[in-house]
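This document starts with one chain, in the form predicted alone, laid out as structure tokens.
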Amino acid sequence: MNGEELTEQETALYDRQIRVWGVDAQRRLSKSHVFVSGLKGTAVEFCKNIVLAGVGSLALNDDNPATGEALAANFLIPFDENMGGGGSLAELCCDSLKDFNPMVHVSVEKGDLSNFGVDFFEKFDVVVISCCSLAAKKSVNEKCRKLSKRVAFYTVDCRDSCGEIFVDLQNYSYAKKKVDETVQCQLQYPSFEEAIAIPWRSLPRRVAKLYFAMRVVERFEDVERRRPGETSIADLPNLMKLRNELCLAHSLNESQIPDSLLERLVVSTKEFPPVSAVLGGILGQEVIKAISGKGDPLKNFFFFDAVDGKGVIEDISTS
């Protein structure tokens, strides 16, 4: 959208949500540009949500071909093209998302995520990466932070029945309603690398066990040079060994990372669709907050476990 005001067509299409978050918030959404890399079930849920919300543009990045496993977790893949050379995941999802909201410009960015330079991310307001390696999370986050403008950065991971969202809004200001007045608030976010570098012994005693377990699996994949999702139940003994080493180094009781929780994170390489829906919904809500500047944003980790059905926010930072 090039103009400052919503068109008559946009006002009519987004009437319901304008009533919820206002014309100014919708105008900001309609001018925003979002990049998403890694199109499994959770990221696809997120893409659907923000396209329906009416962002200005959405760029998709995933050169992987459509497979039977991808079809099971990705409702945007046309059934008759799932394994017939019908294009990459990004291309297939792009075609489907255009039908959800023709007013949103949906495009494909081909190439490996690690090869995109700092300048590439300057054209976006929001960057979301999913199912990425530890190195990729650190690298892309750092590139976003090097830009002269603030780019909101998110990672989202779903491992079977568990999921995690990380948020970096850098130095972020937003409006918050208090009784009969609106006040301006400010939050300072650490980068992903800064957050996970905080010694575990320095964290509050009741930090979610899922935070520690995700770091163990993440570190294991990094050390073994595995792609996210390639770790299996056969690796559990080595995962437990690494867990013990990390707990010893961080002076953390091993009971904070139960064997059963580690097992659940690697027992299946698939994403549990109901968990994907929850994470995709929360992530969509948070991105809308960040773009509109309205409402308390998540700082800075969100965890969801389908076993107890609870979502937990953890502030993993030095502030």
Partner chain sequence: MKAIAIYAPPPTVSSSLYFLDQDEDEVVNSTTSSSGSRGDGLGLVASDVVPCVTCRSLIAPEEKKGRLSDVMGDRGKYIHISREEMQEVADYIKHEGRVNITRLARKSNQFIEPLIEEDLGAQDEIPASAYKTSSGCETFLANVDTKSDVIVNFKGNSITYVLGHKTQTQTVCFSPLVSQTNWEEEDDDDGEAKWEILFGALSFITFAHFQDSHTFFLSHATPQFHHLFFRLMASGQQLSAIKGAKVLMVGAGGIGCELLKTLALSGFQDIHIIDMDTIEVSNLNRQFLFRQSHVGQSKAKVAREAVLRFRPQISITPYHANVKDSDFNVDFFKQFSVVLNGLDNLDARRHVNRLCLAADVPLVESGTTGFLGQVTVHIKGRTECYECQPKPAPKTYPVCTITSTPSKFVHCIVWAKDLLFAKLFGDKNQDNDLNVRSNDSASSSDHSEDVFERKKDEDIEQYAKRIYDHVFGHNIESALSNEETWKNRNKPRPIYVRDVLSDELQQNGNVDKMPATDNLSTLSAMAYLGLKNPQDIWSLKENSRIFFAALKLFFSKRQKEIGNLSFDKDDHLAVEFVTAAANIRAASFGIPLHSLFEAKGIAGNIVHAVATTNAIIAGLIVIEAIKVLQNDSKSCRMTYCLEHPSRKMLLMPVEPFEPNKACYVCSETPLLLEVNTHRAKLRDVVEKIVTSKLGMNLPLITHGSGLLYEVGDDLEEDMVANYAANLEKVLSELPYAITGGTMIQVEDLRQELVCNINIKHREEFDEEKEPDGMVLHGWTQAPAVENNKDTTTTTTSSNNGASTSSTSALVPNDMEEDDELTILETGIETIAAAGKKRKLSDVSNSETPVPTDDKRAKKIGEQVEGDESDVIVMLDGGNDEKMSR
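Residue numbers count along the first chain shown, from 1. Being a predicted model, the structure only gives us computed values, none of them experimental.
As for the form predicted together with the partner chain, it is not shown, yet the points below apply to it.
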Which of 131-139, 69-77, 117-125, 218-226 lines the interface with the partner chain in the predicted bound form (heavy atom within 4.5 Å): 69-77
4.5 Å heavy atom contact, Gly284 to the partner chain in the predicted bound form: yes
With a cut-off of 4.5 Å between heavy atoms, is Val179 one of the residues that contacts the partner chain in the predicted bound form? no
Evaluate Glu45 for contact with the partner chain in the predicted bound form, applying a 4.5 angstroms cut-off between non-hydrogen atoms, and reply yes or no. yes
Proximity of Val278 to the partner chain in the predicted bound form, heavy atoms at 4.5 Å: yes
Within 4.5 Å of the partner chain in the predicted bound form: residues from 247-276 (heavy atom criterion): Asp259, Ser260, Glu263, Arg264, Val267, Ser268, Thr269, Phe272, Pro273, Pro274, Val275
